[in-house]
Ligand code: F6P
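One chain comes next, on its own, written as structure tokens: the form predicted alone.
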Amino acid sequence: MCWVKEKSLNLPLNQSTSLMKKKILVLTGGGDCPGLNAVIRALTKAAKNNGAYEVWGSLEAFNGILQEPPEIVKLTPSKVAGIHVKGGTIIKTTNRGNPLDYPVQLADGSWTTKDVCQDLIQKIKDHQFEAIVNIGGDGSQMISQKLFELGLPIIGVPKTIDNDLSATDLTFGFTTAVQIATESFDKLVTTAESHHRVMIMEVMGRDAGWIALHTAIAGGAEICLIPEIPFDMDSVLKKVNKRYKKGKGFVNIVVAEGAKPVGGTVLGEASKDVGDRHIKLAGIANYIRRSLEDRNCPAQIRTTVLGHIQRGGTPLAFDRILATAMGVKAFEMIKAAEFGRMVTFRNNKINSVTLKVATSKYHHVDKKHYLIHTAKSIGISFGE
């Protein structure tokens, strides 16, 4: 691709000439996931087929448009051809591009953060973008809401493998992440059985245990530990002991990275990246292993951490379809000037809600959810 600096025509944001097409700026923020490229492709193709719009991509979320010269690229059907089968995002992404808390290097070489929203909005106006499509998760859509309140014509498209946005039944990328986790878990089951071992697999899920819960049911886990249900190690050991008779047996455990013991906290350390307020989660699988060993667990224990494997690779057909439908919906919302809203998938229908509603409630696993009941009914323990 050829990155270009576009010449500013110094026209108001909503003004265009008969010789100009209306311009859309699309960006991907936060962690990557399978399906991002399918959204970009759908938005670009829908705009091309309409004939009155063109789509540009901002490299690394808002960082691209904030750079001088800006790192933006015009997206054409030829540039997006075939990208729906590829993981990642062709316009790149970042966790360090929040315009409300933007990293800035001082003259002495140190770093701080500041609010650059007004600079961002002015640059968007200077480059004649009439609409912004922000593809991202909970944090990204909170940024979208703040920018909308400042007058930016913005639309959100939900993206997160954690499936933690409550306004939509599913987010693209989640189904693929669950498939990757389940296929990995299936492989651990056979080796656990062969060696009579306890196998612990750690999956993503900072605050929501959807990936772990789905994987545990699909893979046939004996134990599933999620952030929403603090676990007791004695209860975990009790479940393990039930599986062993005369030294025989095996146990498979799925644990979300954000799971924590009763009365404890998540395991990790503060990020050293400027502007990143997250805790870098790590170590829960090994914590469980050590805790079981300290309690004289009757078997050898091994741990596997999937990490970013869950974010990569080719999206499943379902995620490609969902992402494509969401990309088309985003374009239709732009045509109708339905800004300050996020695309949703509810009751098998593509719709939208306000960004305020979309970010008002986090999508935790409810203890009364039917999948919790399903899991318990087939003997899966949550370590309670």
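Position 1 is the first residue in the sequence shown; the rest follow in order. This is a predicted model, so every value here is computed, not measured.
Same protein, other form: the form predicted together with this ligand, not shown, and the subject of what follows.
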Interface residue in the predicted complex among Lys79, Arg206, Lys239, Arg302, criterion: non-hydrogen atom within 4.5 angstroms of this ligand: Arg206
Listed residue that, although this ligand is not shown, lies within 4.5 Å of it in the predicted complex (heavy atoms), from Thr160, Asn98, Asn252, Thr176: Thr160
Partner-proximal stretch of 307 to 315, 145 to 153, 84 to 92, 192 to 200 relative to this ligand in the predicted complex, 4.5 angstroms, heavy atom: 307 to 315
